[in-house]
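In the form predicted alone, a lone chain appears below as structure tokens.
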């Protein structure tokens, strides 16, 4: 009845994982964020609560992902880590010999190079959408296909066509052109998968020594066409972990377990009841100096839980009751 919670909150998905004292995954949730990370986190906690019961104890919480600071504030995290660290920890715990991690999520893509369980190099693509799950979602929607059916089409291809994959706009135009020429949908989808993999290896994997064992993580690992294209391009077997879609959250849970074990301090977790709490998020521009920092503020009722975005620490160091902040001369 005692668990460690990991949360990976990104622009496309919100993932929650519970591990027990024996490092076994007891619960794993993959939810769509839908532009509302706070609501997605609370929805996930409600779902976990119905599965484990209110008497279950959360011994520690770790957060990662692009919204890790927000998630940490809402949940009361004990450790906050970036995605590179979280994915590497999860992979090396489950596959100690892993030397390369290929990760493609909804918002970004990354490659992580490990040697003897230590991250020695990495690269990320956070600008172009051509090599991410969001682009695949967009193309599936354009074709009127569920993403699962879209993904399975690639393995039915007889003669994959060549798609220009260096840009999402060009890739979509090229797909439409190939359709108009009469190519079959499986051949076009397989060509798109190959284009995404070439784009990934030529950009994110450029000048990286990709050695096996190799793990393929992230939501896009569910696409057999992408998996096959990676194996064909690299000429190596690539393993997809059991919990491939929530490896970031799993890594955060492992890190929380490690942090709490080292400090022997009680967790900062707000409790499973936080699913019913009322949180408010807002922002304002600080005019205290020429930097004009945009300050993010998270409140619960009239209490300021966290503030960040300032360079000088004027706001991030002031939390508590809103009236106390006003009395101290803060906005």
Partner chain sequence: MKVTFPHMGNVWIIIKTLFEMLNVEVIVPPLTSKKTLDLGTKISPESACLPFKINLGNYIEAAQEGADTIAITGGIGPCRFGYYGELQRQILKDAGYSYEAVILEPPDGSIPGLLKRIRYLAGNHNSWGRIMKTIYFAYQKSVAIDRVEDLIHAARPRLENKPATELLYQKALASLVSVTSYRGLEEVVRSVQQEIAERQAVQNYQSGSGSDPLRIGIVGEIYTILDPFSSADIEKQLGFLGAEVDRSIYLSGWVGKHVFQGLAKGYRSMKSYPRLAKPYLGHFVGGHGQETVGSAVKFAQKGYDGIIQILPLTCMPEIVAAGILPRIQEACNIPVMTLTVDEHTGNAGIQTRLEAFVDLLERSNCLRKKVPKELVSLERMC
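Numbering follows the first chain given and starts at 1. Since this is a predicted model, take the numbers as computed values, not measurements.
A second form of this protein, the form predicted in complex with its partner chain, is not displayed here; the remarks below concern that form.
Of the stretches 173-181, 212-220, 139-147, 75-83, only 75-83 has residues with a heavy atom within 4.5 Å of its partner chain in the predicted bound form. Comment: its partner chain is not present in this chain, but in the predicted bound form one of 242, 121, 158, 237 has a heavy atom within 4.5 Å of it, namely 121. Remark: residue 231 does not count among the residues lining its partner chain in the predicted bound form, judged by a heavy atom distance of 4.5 Å or less. Of the heavy atoms in residue 89, some are within 4.5 Å of its partner chain in the predicted bound form.
Although the partner is absent here, residue 187 lies well away from its partner chain in the predicted bound form, with no heavy atom inside 4.5 Å. Its partner chain in the predicted bound form is not approached by residue 24, whose heavy atoms all lie more than 4.5 angstroms from it. Within 4.5 angstroms of its partner chain in the predicted bound form, the stretch 41-77 places a non-hydrogen atom from 68 alone.
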